[in-house]
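First comes one chain, alone, set out as structure tokens in the form predicted on its own.
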Amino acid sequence: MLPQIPPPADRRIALRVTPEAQHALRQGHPWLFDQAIVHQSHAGAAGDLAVVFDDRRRFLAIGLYDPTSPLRVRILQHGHPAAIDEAWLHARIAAAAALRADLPATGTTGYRLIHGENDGLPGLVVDRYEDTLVVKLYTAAWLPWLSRVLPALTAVQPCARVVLRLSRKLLDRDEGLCGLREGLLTGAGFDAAAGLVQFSEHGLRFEADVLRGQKTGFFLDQRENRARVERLARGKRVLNVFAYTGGFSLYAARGGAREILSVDLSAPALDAARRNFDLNRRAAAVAAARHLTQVADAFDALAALRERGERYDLVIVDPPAFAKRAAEVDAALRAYARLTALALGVTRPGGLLVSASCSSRVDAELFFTTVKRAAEAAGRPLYERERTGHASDHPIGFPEGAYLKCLYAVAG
């Protein structure tokens, strides 16, 4: 149930910005930072609408204002004025849903319905898990708009329930949430204590912890890479490090892998991986595959496996984001290089390494170069087979929106 959240002010904030910001907004960029603002008509609260003008007082953009964030305005509309109301929200949500309209026909009922900035709704993410929608907010600016977003959302995508998740920055706030908490917003038939829902992905059944799981409960963005691994796994011995709830492992099993080891630091995540395998035992290949789990740090596990002389035909390395800030990029690159060397230490000659990065601060070319150089330094050159990026439900609408990259390469 939504608490009484004050609506956005009727009076719009007028802003003038630097020439550089004007250029970026004309190019359709969805962010306006505080340092780019040179004049502001009056103070505003989170969720107020801010209108940006150029040097000749012509309309540039309108967006949601957040006085607590350096990312001061998240742009909703560029180029020409528009009434930002429930009809506008419905049209934007419907456009996003239309891009995903073909996914259910693939046996997929779990996918990203709204990808924030990349679908024209910056700071707002909505993931669908069958009959459950999970709304995740990355800015307090959306709070006063929830009462309008929810009717538009459920009109476009009918569901049994809507669950709210908040970014870490919002959770850390002492005030301004107006009593709003993570959990069930609308609907029923949901065990809030368990937080678990089920969904399908390419015909495989998974569970997601939509209250406590990472992101909104599952790494939906790796769906197509998981499907690629399935096509490569027949007869192979597979190692999946940073396995989380075993998505890559389960696909490998259905693809005919004879043995899979899932390694993750989280014991509850690996418990969920075993439950995901149990959900799919009716598939003969899943039932036949030997699935092992190991609770361990990935770096330590790789070193220990090498020490024991273990070798794998297919090694999947899909770590969490190592660089969330620019200052962390160098350390992230060192981590990717170390992981590559360790992973190759347990990859047989001619085996396949699948190495992914979800660090938006590390661009794709830098990531691929780092992995290849680390392999050469380890005396195990990689022969590139394929590079992949975002799945169709995670479109890229601006340069900073590109974060996911994955390398498939044969180990020398």
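Sequential numbering from 1, following the sequence displayed. Quick caveat, the model's predicted, so the values are computed rather than measured.
Beyond the structure shown, there is the form predicted together with a small molecule, which is absent from this document and is the topic of what follows.
Between the small molecule and the residues 335, 298, 289, 342, the one pair within 4.5 Å by heavy atoms in the predicted bound form involves 298. This chain appears without its partner; in the predicted bound form, the one residue of 266, 280, 147, 106 with a heavy atom within 4.5 Å of the small molecule is 266. Within 4.5 Å of the small molecule in the predicted bound form, a heavy atom is found for all three of 226, 242 and 318. Only one of 281-289, 113-121, 319-327, 138-146 lies within 4.5 Å of the small molecule in the predicted bound form by heavy atoms, and it is 319-327. Contact annotation for residue 312: none of its heavy atoms lies within 4.5 Å of the small molecule in the predicted bound form. The small molecule in the predicted bound form comes within 4.5 Å of a heavy atom belonging to residue 222. Of the heavy atoms in residue 129, none are within 4.5 Å of the small molecule in the predicted bound form. The closest heavy atom approach of residue 214 to the small molecule in the predicted bound form falls within 4.5 Å.
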